[in-house]
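There is one chain below, alone, in structure tokens, taken in the form predicted on its own.
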Amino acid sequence: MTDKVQTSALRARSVGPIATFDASSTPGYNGDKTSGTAELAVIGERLASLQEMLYAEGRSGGTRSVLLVLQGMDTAGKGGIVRHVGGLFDPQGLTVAGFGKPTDEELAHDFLWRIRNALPRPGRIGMFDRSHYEDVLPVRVHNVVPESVWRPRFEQINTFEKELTESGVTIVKCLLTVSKDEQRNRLAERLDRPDKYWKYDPNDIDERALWDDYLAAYQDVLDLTDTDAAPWHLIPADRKWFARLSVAQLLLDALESLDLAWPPATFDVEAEKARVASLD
């Protein structure tokens, strides 16, 4: 290990069952909060530079984009990732979408319809706070639809994500895992602080009672939709600083893999220099 998070240690297929995963661990990293915070700042500078190159490519006819998919139990820190990691980017090239209970209009279409409508345009980085995986997670746990409906969706999702990658979308999927003890602490904090009341939902206690059912559902997600084209990464989220560092590193890896370059000029540079030099 080095001061950089070795993201291969986060790949879902390499870390074992989610039920035994240590949400307070820091796999692939030997630093502490202090070094991790410093490393995040360094990553942020590199992310900003690569984002600008991606944005320029998109403005010049490029078709590529990056999509971050965030899933996780309540209080796992998805919103914090959006704020703290998303905050490293220029808002002009960033799109954020959240997916809760479907609207009547969304229910009138197939479950991927609302996802397609929220995909980042070429040159952009998109962040999904929850995603199409809601349609194989809570709908399953709460028996909203029968297994004959949600089970085939795994293959539909794989097909959908394969199509996206083939069209130029680089997908980064992160499942944030929080321990029951840490979740209890975070729920308690929300009740102790008036500035956190708005984040507290009494239904979260009811959802907690379904913890094992959710773990089984998440395990199926990892087993059935962790592909080389769109891999899953298991992010231990008890330590918020490490979760944010890990996701930032995964996004950096994704952007660096694109081998981005500045678009060439579409005009005669020397001629334009002469024109500018002649201005009053």
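Here the structure is a predicted model, which means the values were calculated and not measured. Start at 1 with the first residue shown and count on from there.
From this point on, the text means the form predicted together with a further copy of the same chain, which you will not see here.
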Flag Ala48 as yes or no: does it have a non-hydrogen atom within 4.5 angstroms of any non-hydrogen atom of a further copy of the same chain in the predicted bound form?
yes
Does Arg83 reach a further copy of the same chain in the predicted bound form if we count a contact as any heavy atom within 4.5 Å?
yes
Going by a heavy atom distance of 4.5 Å, is Arg59 a contact of a further copy of the same chain in the predicted bound form?
yes
4.5 Å heavy atom contact, Asp129 to a further copy of the same chain in the predicted bound form:
yes
Answer option from Leu94, Val172, Leu137, Val169, heavy atom within 4.5 Å of a further copy of the same chain in the predicted bound form
Leu94
The unique member of His142, Lys199, Arg151, Lys162 whose heavy atoms fall within 4.5 Å of a further copy of the same chain in the predicted bound form
Lys199
a further copy of the same chain in the predicted bound form: contacting segment from 252-260, 7-15, 268-276, 21-29, heavy atom within 4.5 Å:
268-276
Heavy atom within 4.5 Å of a further copy of the same chain in the predicted bound form - qualifying residues of 174-197
Lys180, Arg184, Leu187, Ala188, Leu191, Asp192, Pro194, Asp195, Tyr197
